[in-house]
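Taking the form predicted alone, here's one chain by itself in structure tokens.
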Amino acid sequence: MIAFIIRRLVILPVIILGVTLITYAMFSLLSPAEQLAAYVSSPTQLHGGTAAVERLIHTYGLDRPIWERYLNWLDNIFHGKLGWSTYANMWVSQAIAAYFPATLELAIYSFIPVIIVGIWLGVLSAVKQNTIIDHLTRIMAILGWGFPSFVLAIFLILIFFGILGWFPPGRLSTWADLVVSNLTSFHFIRYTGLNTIDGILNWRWDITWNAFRHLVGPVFTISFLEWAILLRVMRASMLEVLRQDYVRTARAKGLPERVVIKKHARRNALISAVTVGGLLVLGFFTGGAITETVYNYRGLGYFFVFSATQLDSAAIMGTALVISGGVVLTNLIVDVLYAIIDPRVRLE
């Protein structure tokens, strides 16, 4: 197992280098003036007219061959210099650090129901094939698969906020945001950046409850759409496994059906579910941008979308690198889970 993980870690630098090459290749399509924000060391450098811009282009080598520009940009990245975000009016690294906890909190609360419900219903649907339970779960999966996320989000806002007033959009109510931002007499300490957790750690249960109410809408929107994918994959994988000889042998030996399903069938069917699960995790950080925008939930996806609309090249590049790093890390975790679930993977 250790050797398997080491082999995967050895190729990580090559993958990361490839990611930076592709990212910069797209970035280089911009004009030198548009690329400046990713290089400057002070936002004041961006002011001063055309003559100042021309001097900066020459200073940062943006008039040199592309391979020299790439090495220069790569040197900045290794030193943590992602440039200045004109949209957020702060350093890109600071903006990512400020917006990321919101997306992480949304991803954590969305991941739990997606994995639990998706795998459980997928197994149940396969075991109860062609019964009323199977038909109902497949109908729900089709609805979840085909329903646009922004349409579902708008309907939920209209019903649960506009009519019932239960689950408002945004991340916090105005009064709670003032407390969290330390604009009131109460001293609120930001331990993690996750409002529900920080509320508990500060003994402010009203903040935790308020943050939870704001999470219900986007969590339900993401979960309803994503668990349908996992259900369909898990059901198909389980049906294939249940027809295998070793499952029939286990039943012939007189093992209880729950043991056959849990020990022999479900574990082998999880390989496909793990693959899809890894893609879903990435979807929480990338595909969640639409949900974050509709709900005015200011996370990393929200930041990425509005940076793109403002042609904020430094913010786009920095966020793309973070998301790409998440892809690489998720793939590593998925590979390790393969080896844990199926020991034959390690031998290969």
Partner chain sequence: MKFIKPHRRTHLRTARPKPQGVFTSRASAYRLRQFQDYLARRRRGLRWLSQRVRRSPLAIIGLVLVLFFSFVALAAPWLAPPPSGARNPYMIPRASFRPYPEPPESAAWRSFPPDWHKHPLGLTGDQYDIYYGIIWGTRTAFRVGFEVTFSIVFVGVLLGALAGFFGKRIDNLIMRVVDIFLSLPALIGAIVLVSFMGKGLNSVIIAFIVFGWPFYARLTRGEVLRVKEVDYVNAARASGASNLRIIFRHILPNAISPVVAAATLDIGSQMVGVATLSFLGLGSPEGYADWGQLASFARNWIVGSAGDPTQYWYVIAFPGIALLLFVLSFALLGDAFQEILDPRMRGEGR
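Only the largest set of C-alpha atoms that superpose within 1.5 Å between the two forms is called the rigid core. Bear in mind the structure is a predicted one, so any value in this text is a computation, not a measurement. Positions refer to the first chain, counted from 1.
One more form of this protein should be noted, the form predicted in complex with the partner chain, which is absent from this view; the next part is about it.
query = Does the partner chain come within 4.5 Å of a heavy atom in each of I290, I316 and I323 in the predicted complex?
reply = Yes: I290, I316 and I323 each sit within 4.5 Å of the partner chain in the predicted complex.
D206 within 4.5 Å of the partner chain in the predicted complex, heavy atoms:
Because no heavy atom of D206 falls inside 4.5 Å of the partner chain in the predicted complex, the answer is no.
Applying a 4.5 Å heavy atom distance criterion, does H264 contact the partner chain in the predicted complex?
So H264 does not count as contacting the partner chain.
- Query: Can A252 be called a contact residue for the partner chain in the predicted complex at 4.5 Å between heavy atoms?
  - Reply: A252: no, not in contact with the partner chain in the predicted complex.
Is I66 near the partner chain? Define near as a heavy atom within 4.5 Å, in the predicted complex. Result no; I66 lies far from the partner chain in the predicted complex.
Margin query: Residue by residue through 136-160, which ones have a non-hydrogen atom no more than 4.5 angstroms from the partner chain in the predicted complex?
Written below: Contacts from 136-160: R138, I139, I142, L143, W145, G146, F147, P148, F150, V151, I154, F155, I157, L158.
(message) Taking 2 Å as the cut-off, check whether the CA of S272 shifts that much or more between this form and the one not shown after a rigid core fit.
(response) S272 C-alpha, core-superposed: shift of 2 Å or more.
Query raised in the report: Superposing on the rigid core, do we see a C-alpha displacement of 2 Å or more at E257 between this form and the one not shown?
Result: Comparing forms between this form and the one not shown, the E257 CA shifts at least 2 Å.
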